[in-house]
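Single chain ahead, written as structure tokens, the form predicted on its own.
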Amino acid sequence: MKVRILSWNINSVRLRIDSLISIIKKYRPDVVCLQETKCPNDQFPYQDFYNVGLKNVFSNGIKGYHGVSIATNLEVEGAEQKDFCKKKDGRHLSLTVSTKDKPLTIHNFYVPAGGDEPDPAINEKFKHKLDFLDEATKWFKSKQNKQKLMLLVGDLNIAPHENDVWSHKQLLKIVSHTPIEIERLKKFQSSYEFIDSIREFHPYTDKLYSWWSYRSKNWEQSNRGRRLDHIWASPELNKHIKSTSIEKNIRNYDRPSDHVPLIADFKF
């Protein structure tokens, strides 16, 4: 049994639904995880997913901001959404789906961006980001059974490695690449012994990005990117992974998101 999972910060699902449907038709994923859908649940374009064969669609959205969703053609055994930091702000959704072997649980996250000033004492948004990561870390640590097939995907808004940003030196004091964020992300990753699936197939010696700012007139030429989007597999799930990719070409679509999709292929 082969399973393809696509994760994308779409930056408004209704605005980019045509691009999304063309991407789904091209790549044929079995699971589509979106972040920053910016769409309340009662206005989510469920029918568009049904029309391309993704019959099970779940959304955790709010009006105008944030929001995550998961759509799949696999049998769904359960769904859960978790609100962190006592905020109902649409930043997490998980599904448990059937595979040939064990059930697979997929967690879709949209971690707070953190504002501009990397100081929790003066920037409430940055404090929220750190608190969110701490709470999520504690939650995963409480999950005792490390033999489960567990996948974590999403826009985690942190580029942890020096080759995950266009300039390690210049971005050390810029939110998304500061030492305190990287430390928190490592703790989050280790909470369930997650493996960085993208870097399993693309070595740390390679510069690798999934986001390019809208501010750049020629994003591809300047190539000042950051790897803010991630796919993490539990040790048990890592045995089944066959490939991962960052689909950079999507950034050239009309009216693109500033992020591009990530794809992971598994065989069970």
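Keep in mind that what you see is a predicted model, and the values were worked out from it rather than measured. In this text, residue numbers run from 1 along the sequence as written.
What comes next is about the form predicted together with the DNA, which is not displayed.
May I ask you to choose, among Arg91, His107, His177, Lys129, the residue with a heavy atom within 4.5 Å of the DNA in the predicted complex? For this set of options, the contacting one is Arg91.
Here the chain is shown alone; which of Leu185, Leu74, Ala113, Ile195 has a heavy atom within 4.5 Å of the DNA in the predicted complex? None of the others qualify; the residue that does is Ala113.
Per-stretch contact check against the DNA in the predicted complex, the hit in 229-237, 209-217, 26-34, 45-53 (non-hydrogen atom, 4.5 angstroms): Among the listed stretches, the partner-contacting one is 209-217.
Heavy atom of Arg199 within 4.5 Å of the DNA in the predicted complex: The answer is no: Arg199 has no heavy atom within 4.5 Å of the DNA.
Please tell me whether any heavy atom belonging to Ser12 falls inside 4.5 Å of a heavy atom of the DNA, as the geometry stands in the predicted complex. Ser12: contacts the DNA in the predicted complex.
For Gly64, is any heavy atom within 4.5 Å of the DNA in the predicted complex, or not? The answer is yes: Gly64 has a heavy atom within 4.5 Å of the DNA.
With a 4.5 Å heavy atom cut-off, would you call Lys125 a contact of the DNA in the predicted complex? Close contact exists here: in the predicted complex, Lys125 approaches the DNA to within 4.5 Å, heavy atoms only.
May I ask whether Arg16, Lys38 and Arg255 each come within 4.5 Å of the DNA in the predicted complex, counting any non-hydrogen atom? So, yes: the whole triplet contacts the DNA.
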